[in-house]
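To begin, one chain is listed below as structure tokens, in the form predicted alone.
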Amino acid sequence: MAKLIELKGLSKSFDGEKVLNAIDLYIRDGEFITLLGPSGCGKTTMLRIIGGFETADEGRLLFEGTDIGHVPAYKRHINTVFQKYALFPHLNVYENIAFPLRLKKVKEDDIQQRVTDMLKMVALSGFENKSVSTLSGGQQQRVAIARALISHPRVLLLDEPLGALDLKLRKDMQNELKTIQKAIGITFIYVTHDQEEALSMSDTVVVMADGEIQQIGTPTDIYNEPKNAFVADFIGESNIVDGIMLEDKKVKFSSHIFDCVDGGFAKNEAVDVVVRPEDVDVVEPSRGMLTGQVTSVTFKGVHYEIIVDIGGFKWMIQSTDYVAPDAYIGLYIEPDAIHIMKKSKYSGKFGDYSSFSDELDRLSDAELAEEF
């Protein structure tokens, strides 16, 4: 796929605070790319700059090699679907979808054909005369998508479009959006803070934090090969511990030497070690590489979430086998379950699950204080 949009050194500040810091990114024609990160990371600001609703302070925004940084939004081949849909309550479904074509004074026969095609694509045939206020959230979302696509844009921007939907409907719409994108073949740029949403829908995921891109990759790469502690923690659950890379494919952490599959680090280099909770086997203490005491067990439906204290560091384990609280257990970790990362500014901030318990305790104390 050819490059369609390029961001080169893009920066933006509000009230003296930099929310985007020298962003370099290219987006390919026909790609489903997701900007993923917590609130305040800069992902929506980036989307608004691409859409023409904000102007960058520094850097360039290119569309097929042409700088469009100062081209107004209505002149760009880009449309946007917002979380709140922005439908016209006084117009029915047909007229909401037809609205952009009426602005362009398209012939009525063409409007009718294109609205019919759009209704079919978003599975709303027969809804033409319904008031949008009587539709469900998912149906309203599909009307908004049809209206955005009817003008044949080259790019569709979607800013947290499923945030107002309940869980089951949100999952259904994830599948529908991916199907629509594949059917029409245009570029989708999607913004979300929901990791599962990003991993399940995207060709490419851009993980952001503090106004900077932390990692770009396929969903599989982002999950299995995180670049730093922030990415490892934000994408799924992770145990992140301090380690020493003794040599290629050999690392020491939690007072034990492990075989791993990573190399290319300096001898005795301090590193961050990531072990996903689902990649740890619970065994008898005598067979364990690490041993510790279970501090809590939570049933999650398909597995048990087990917190284990190992030398004062709380590990999370996900297992289909039940383990009793206070039990003394062993942990067995295969070499390919261990991922080594360079130290970063996020090192030491994530991965110990005792922090969550402490936070809950503080919240409980605050709530009790308010009551009395």
Partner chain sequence: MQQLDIPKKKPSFMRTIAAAPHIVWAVMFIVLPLIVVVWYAFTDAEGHVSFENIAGLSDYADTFLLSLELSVIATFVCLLIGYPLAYMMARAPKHRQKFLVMLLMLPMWTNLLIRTYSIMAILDDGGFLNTLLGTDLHIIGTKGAVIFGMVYDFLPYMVLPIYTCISKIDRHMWEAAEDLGCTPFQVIRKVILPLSTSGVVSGVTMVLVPSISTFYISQKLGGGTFELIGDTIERQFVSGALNTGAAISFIMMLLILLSLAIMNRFTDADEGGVIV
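Values in this document were obtained by computation on a predicted structure and should not be read as measured data. Residue numbers count along the first chain shown, from 1.
Unshown form predicted in complex with the partner chain; subsequent notes refer to it.
Colleague: Want to guess which of 147 to 155, 196 to 204, 215 to 223, 249 to 257 is within 4.5 Å of the partner chain in the predicted bound form, heavy atoms only?
Modeller: Among the candidates, contact is made by 147 to 155.
Colleague: Does the partner chain come within 4.5 Å of any heavy atom of Pro89 in the predicted bound form?
Modeller: Close contact exists here: in the predicted bound form, Pro89 approaches the partner chain to within 4.5 Å, heavy atoms only.
Colleague: Would Gln174 count as a contact of the partner chain in the predicted bound form, using a 4.5 angstroms cut-off between non-hydrogen atoms?
Modeller: Close contact is absent here: in the predicted bound form, Gln174 is far from the partner chain, nothing within 4.5 Å, heavy atoms only.
Colleague: Hey, in the predicted bound form, is Gly163 touching the partner chain, heavy atoms inside 4.5 Å?
Modeller: So Gly163 does not count as contacting the partner chain.
Colleague: With a cut-off of 4.5 Å between heavy atoms, is Ala73 one of the residues that contacts the partner chain in the predicted bound form?
Modeller: Yes, Ala73 is a contact residue.
Colleague: Quick check on this chain: which one of Met118, Ala229, Ile189, Ile78 has a heavy atom within 4.5 Å of the partner chain in the predicted bound form?
Modeller: Of the candidates Met118, Ala229, Ile189, Ile78, Ile78 is the one lying within 4.5 Å of the partner chain in the predicted bound form.
Colleague: Heavy atom within 4.5 Å of the partner chain in the predicted bound form: which of Arg60, Arg28, Arg48, Lys343 fits that? Just give me the one.
Modeller: None of the other options qualify; the answer is Arg48.
Colleague: If you check in the predicted bound form, do Phe82, Pro100 and Leu103 all have a non-hydrogen atom within 4.5 Å of the partner chain?
Modeller: Heavy-atom distance to the partner chain in the predicted bound form: all three under 4.5 Å.
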